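Here you get one chain, nothing else, as structure tokens; it is the form predicted on its own.
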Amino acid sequence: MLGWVVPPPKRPIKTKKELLEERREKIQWLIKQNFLKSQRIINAMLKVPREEFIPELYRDYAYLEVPLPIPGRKATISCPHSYPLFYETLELMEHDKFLEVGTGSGYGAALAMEIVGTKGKVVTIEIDEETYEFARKNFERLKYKDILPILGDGSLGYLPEAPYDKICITASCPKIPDPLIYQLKFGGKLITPIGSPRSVQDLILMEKEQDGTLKTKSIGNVLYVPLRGKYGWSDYF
């Protein structure tokens, strides 16, 4: 799976208490590694149980630094460090209207909801119907009623809720999709991996200045599944 060694499926044996302790230890590790900085994102990661967004046979691996399979076509839940890497870089904060492209398990949207709070908004789009249903059921079971999940082509964004303060694309793109640039607020930020799904990609932060000027900078190297849809890697599938 893109160079990662995925552990074998097994019946879960860890208790909620053990998983909570692992979550706390993981957060301390993320802080020490400089992935986690803001208290609001730390609090969100403490509150949201990552194991609840992982299929049963991989549940005990919830806090390992590996992507894990979830229902859907080549679908995964990203490594734990990926979420603060994206959200700290975006400076996701309370009251933000946030668009996530690639719902996956729903874990990222749940974290984002805890970060933006009740005065913010989280819209998340998933193109794979099986993956979408997995996430939707997770939201329902864990009572994340305020998240707006959309089944559709995330590379087109979601115009009815635009513009957005922050946009996160959780799959590698050939380039930043034009509709997402259009739907980003002036003064807003977008983060996405750019590059071939067959190799290491460049994590790019784009800022849309008040005059419409687009500024980009590289954050580092990452490995992500390819973006599907009109502005994705159609030749990869």
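In case it trips you up, residue 1 is the first one in the sequence shown, and so on. All of these numbers come straight from a predicted model, not from anything done at the bench.
Below: the form predicted together with S-adenosyl-L-homocysteine (SAH), not depicted.
- Message: Counting any heavy atom within 4.5 Å as contact, can you tell me which stretch out of 77-85, 159-167, 90-98, 141-149 lines S-adenosyl-L-homocysteine (SAH) in the model of the complex?
- Response: Heavy atoms within 4.5 Å of S-adenosyl-L-homocysteine (SAH) in the model of the complex occur in 77-85.
- Task: Indicate whether V222 is a 4.5 Å heavy atom neighbour of S-adenosyl-L-homocysteine (SAH) in the model of the complex.
- Result: Flag for V222 set to no.
- Is E114 one of the residues lying within 4.5 Å of S-adenosyl-L-homocysteine (SAH) in the model of the complex, judged by heavy atom distances? No.
- Could you confirm whether I125 comes within 4.5 Å of S-adenosyl-L-homocysteine (SAH) in the model of the complex, counting heavy atoms only? I125: contacts S-adenosyl-L-homocysteine (SAH) in the model of the complex.
- Message: Is it the case that A44, even though its partner is missing from this view, gets within 4.5 Å of S-adenosyl-L-homocysteine (SAH) in the model of the complex, heavy atoms only?
- Response: Taking the distances in the model of the complex, the answer for A44 is no, it never comes within 4.5 Å of S-adenosyl-L-homocysteine (SAH).
- Query: If we check S-adenosyl-L-homocysteine (SAH) in the model of the complex, which of the residues in 99-126 reach within 4.5 angstroms of it by a non-hydrogen atom?
  - Reply: E100, V101, G102, T103, G104, S105, G106, Y107, G108, I125, E126 sit within 4.5 Å of the partner.
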